[in-house]
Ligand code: GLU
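Let's start with one chain on its own, the form predicted alone, as structure tokens.
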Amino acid sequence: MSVRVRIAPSPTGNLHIGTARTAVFNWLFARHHGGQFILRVEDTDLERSRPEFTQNITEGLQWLGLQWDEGPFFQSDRMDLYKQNVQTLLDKGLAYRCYVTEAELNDLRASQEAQKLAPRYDNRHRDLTPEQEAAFQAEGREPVIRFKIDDHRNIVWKDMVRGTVSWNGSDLGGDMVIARRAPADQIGQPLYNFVVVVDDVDMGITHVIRGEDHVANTAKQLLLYEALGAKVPEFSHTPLILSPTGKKLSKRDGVTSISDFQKMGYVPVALANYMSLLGWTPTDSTQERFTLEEAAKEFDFERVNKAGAKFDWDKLNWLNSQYLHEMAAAELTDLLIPYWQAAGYEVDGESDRPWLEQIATLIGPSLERLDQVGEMCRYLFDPELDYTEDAIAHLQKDGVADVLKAVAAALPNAALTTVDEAKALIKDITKSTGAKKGLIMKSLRAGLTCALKGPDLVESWLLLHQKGLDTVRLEKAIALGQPQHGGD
């Protein structure tokens, strides 16, 4: 089977996760069949389209690993082609110039609303005589161009996800505007539902894969394919992505653009993996981790769900953590450096490299998202870090200051480059102070990390020691220690 699919985002905003998931499904289907994945930028909305949004979209697709085979093609560069096809429909008598004014349309809508009728155009200018058109032109009216829709037509197609879908022509809102207002001797800017059909025909698109919110558009577009005498592609309307509460995912739910997910510290392989599962189930339904290439080997629409797919943050975080936990220290460090820098830490990716890789090794197993490292690693970077209340409370207990003084006194002459050397020093302090090891370890954690919980204490101490920050912390902790009566 020859397959040519396309993703056709509109550059009126950043790459949305819904559009990205549609791109994933198109890419998987194309790769499964050895076909072509085409990028087309639908920028007919000239007022809202922005080059920065186009850049965001293309960079987001590439970041996810969705490289296109052809394009990007821009609709704004193809207006002559669209207008030629509008003229073809005019010549065939399948489209006409409509001179109804906006005020008249508003009156029509108000009347329908008062009668509790669905809004629709009443096709009043479908059969104007040349004399009537001339009269409207003499008034200075500029027409739109409308495509004729037969109210009695039953539009049916076999959807690869939803099976047989039918739509009544009478439910499509009357004759459809396919070009904006312009002088009667010209053709105005062609509109979305028309140009998308012309593009699909011109580019030889065999399968249109998009969200279920386009079902009504498909009914209209099928009539346009027919009017243009073109071969109709197969259609697949995929389930919408829903919020955790079951509503359509929107900006009100917080993060929805791919660049936002990227900033939060999700890695592309994890996000692409997760989006594959938003509406599709692999043959082995227990399999949750796979690359796009692995998913493409078995992707088909028989296993795409009809019901909406709820977005599950916990599952995405879990998937992301699995990929982070498996990364080599060098690779993880490369990803973490920008987040450390964004947190305001002075990080030199070259001179600090060995130290940073040790940090990555220490915290890697605890990471769910890359953006967590700012707070998670603060104790390793910030010499002015404040102690938590429970850490202060511990530091003020009897015997704690003495333990920390003993450690501080031993540091100048101690070898402290390995875990074994650190453990040996702790053992010596245990003997010299007579304190229990538990008290010493808890006191060291409070004094060195400014908290009572955190990553491995000994590894943390070694990292702090390399920067001389352990001495600074111990001095501050001892100063905070106000011996009080009471046990540990």
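Numbers follow the displayed sequence, beginning with 1. The structure presented is a predicted model; accordingly, all values stated were derived computationally and were not measured.
Not on display, but discussed next: the form predicted together with the ligand.
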Of the listed stretches (209-217, 133-141, 385-393, 398-406), which one has a non-hydrogen atom within 4.5 Å of the ligand in the model of the complex? 209-217
Contacting member of W157, F290, W318, Y192, with respect to the ligand in the model of the complex [4.5 Å, heavy atom]: Y192
Select from the listed residues M176, L223, V196, L271 the one whose heavy atoms reach within 4.5 Å of the ligand in the model of the complex. V196
Using heavy atoms and a 4.5 Å limit, would one call A8 a contact residue for the ligand in the model of the complex? yes
Would you check, heavy atoms only and a 4.5 Å threshold, whether E42 touches the ligand in the model of the complex? yes
